[in-house]
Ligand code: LTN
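There is one chain below, alone, in structure tokens, taken in the form predicted alone.
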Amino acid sequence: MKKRVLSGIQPTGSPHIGNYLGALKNWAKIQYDYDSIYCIVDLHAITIYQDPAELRGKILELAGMLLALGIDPKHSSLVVQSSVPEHAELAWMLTCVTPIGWLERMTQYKAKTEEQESISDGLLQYPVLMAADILLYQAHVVPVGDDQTQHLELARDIAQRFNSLYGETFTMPETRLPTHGARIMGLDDPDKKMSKSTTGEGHAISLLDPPDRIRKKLMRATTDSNPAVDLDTMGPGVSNLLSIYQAFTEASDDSIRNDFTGLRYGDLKKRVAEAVVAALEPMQQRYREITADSGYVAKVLAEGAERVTPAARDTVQKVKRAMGLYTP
């Protein structure tokens, strides 16, 4: 029997090349090696206010993008989190065994509390819901970006604590990170990770950006004060551009050194732009084909939820019995 892989992405903002290179490319690549579940985590999205109509539209858009990127609905289960109520049910039971100090120490929680005047309890509990997503399906492998490794470690801690208190119930998940492109930085500020929540026009390349927009954004990308590429003294902007190129083309380190050393920045940006355009054009064409059928994406999501629900219900029943809750 194949091990189970589980990962998720929020349906907020516009998915960009950082999402693709850091996670989504890897999802499509490994899906046939595992019993694969990929989740659109809309319950996570509402830890901050979302316009309801926009959120519903973004869920369907993201599902279409994932299918266009190569998620195979005949093999992998593509699921909207809120369509399987057991996610929220398990999250509550796990909340009751999770020390609040564990949550207050989470790096992302501390960073977001500094940015916002008022925060919801959902933001604090976010990592517990993520743990529930993983543990609900007894996932063995969780491919995540490097900024989510702390949350995965918390999921392991929660599983271990629950197993210690109530007996062996949960599989201990392990992580898997891609080799290249795990952390793509903003084009306008290469000291900060490319983010869906950053709204600047020149910050990120969205997966649905047309070729001309991709070229325009990359030609404006931050570099450094050197006149040309010097791999030994390059700044973070040049390093980021080379990381993007290498992640899209899978060029070797030696090839990067041989091909780009001494290249002027205008030519570097053109090379990177053409690599990005060439990689995204097939996905964009596939996306247009998928969304031309108005009912196809909804059908895939319904089938995904139906496929995973028995496993979700089985886990919740095991947890209830372990905790002494009423199970008819």
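Keep in mind it's a predicted model, so treat the numbers as computed, not measured. Throughout, we count residues from 1 along the sequence that is shown.
One more form of this protein should be noted, the form predicted together with the named molecule, which is absent from this view; the next part is about it.
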Partner contact for I205 in the predicted bound form: the named molecule, 4.5 angstroms, heavy atom = no
Does Q148 reach the named molecule in the predicted bound form if we count a contact as any heavy atom within 4.5 Å?
-> yes
With the cut-off set at 4.5 Å between non-hydrogen atoms, does V41 touch the named molecule in the predicted bound form?
-> yes
In the predicted bound form, T315 touching the named molecule (heavy atom, 4.5 Å) = no
Counting only non-hydrogen atoms, which stretch in 291 to 299, 63 to 71, 41 to 49, 275 to 283 is within 4.5 Å of the named molecule in the predicted bound form?
-> 41 to 49
Which residue, L94, I134, A247, A221, has a heavy atom that falls within 4.5 Å of the named molecule in the predicted bound form?
-> I134
Quick one: of V238, L78, V142, L187, which gets a non-hydrogen atom within 4.5 angstroms of the named molecule in the predicted bound form?
-> V142
